[in-house]
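Quick heads-up: it's one chain on its own, the form predicted on its own, in structure tokens.
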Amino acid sequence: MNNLVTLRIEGKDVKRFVFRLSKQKIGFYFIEYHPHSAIVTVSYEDYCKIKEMKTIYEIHLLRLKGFVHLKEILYRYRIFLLALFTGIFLLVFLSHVIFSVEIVHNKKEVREFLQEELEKRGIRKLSFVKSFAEKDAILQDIMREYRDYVEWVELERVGTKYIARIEVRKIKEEEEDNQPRDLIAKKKGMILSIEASHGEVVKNVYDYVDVGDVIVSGTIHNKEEAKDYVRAQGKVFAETWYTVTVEVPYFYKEVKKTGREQKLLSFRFLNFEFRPFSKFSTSEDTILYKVENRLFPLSISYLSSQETEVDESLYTYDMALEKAHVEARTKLLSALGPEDEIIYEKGLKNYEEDSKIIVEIFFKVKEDITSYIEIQQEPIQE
């Protein structure tokens, strides 16, 4: 990069002075003469020589070009640049410091337990932020060491704060309850199977039942007279019926997170954004810190950027119909119990509207309809 200086020389008979400079081996890149002045461009080294010369001519600096120009700008704005880079450094540094750790649980002893375990592993107030891998390893270590006590534990970072949540295992204490009860249907359906260990079965397989119908009675009868009351126990599966409506657009777009994450700075001026050192083409961003001025349209943000993948597809009618059935099954199964299962399905009607297909599907489900209700005992006649 050439370091050039443009000067304006003023005085009487400027040409003579320029000729004198050339005789002293000062090279000119540009010369433009005016009635009482001349505009010349010389190297920075020659400019230094001219400044040291004693002359009656007035010499004014007009423009710098090259490294000396950059140096002059840096020197002129040195205080602003120093404050800017100091601010960015403090912003990045402070964003990697945790200022508080909040533990969410309703029991004080559980909160104290988790706080102690996190502090033993370096997660405490005024500590540095852990990477995703380090945080995951800490949580897995707690789960592994206290697997008989901890059901699950999670740690979420919100800015300069950690929020920890924990669920401990519940030790079931089976208390003997002798309160008599009936086994009833919690849903309308057709009975497919009955398993009863206590009580008197009053319905048969393939019987239709409504909500609240007694299937296994806790009242033991003898010739239509109540002789005893027991606590009915069992499980009943019935065929139940559902109608599920699903909408599937012909143009499908899904954004998925890959699990990769990076921290970076974002500079925004008006609607233009610049992200130096960004590794991801598409991402989902969380603003950790933001510096902006309402009067000047420039902002600097410190982001947590999570890489995403965009899946775009254009469905045909048959593809959209098949996806609608898959989504309907998934939607229904998520609302059923772990032992329930779909035994039959049939599309009722399909129609198109606003570039999407709307499908109504009928399902038959083998579902656990077991429920209980306590018996209001009546005096038994002896």
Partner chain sequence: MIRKVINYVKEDGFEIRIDPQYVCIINYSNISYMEEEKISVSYPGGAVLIKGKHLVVVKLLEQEVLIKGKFSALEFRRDHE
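Values in this document were obtained by computation on a predicted structure and should not be read as measured data. Residue numbers count along the first chain shown, from 1.
Here the subject shifts to the form predicted together with its partner chain, a form of this protein not shown in this document.
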Stretch in contact in the model of the complex with its partner chain, which is absent here, among 50-58, 340-348, 26-34, 327-335 (heavy atoms within 4.5 Å): 26-34
Interface membership of K12, its partner chain in the model of the complex, 4.5 Å heavy atom rule: no
Sequence-ordered residues of 186-208 touching its partner chain in the model of the complex, heavy atom within 4.5 Å: none
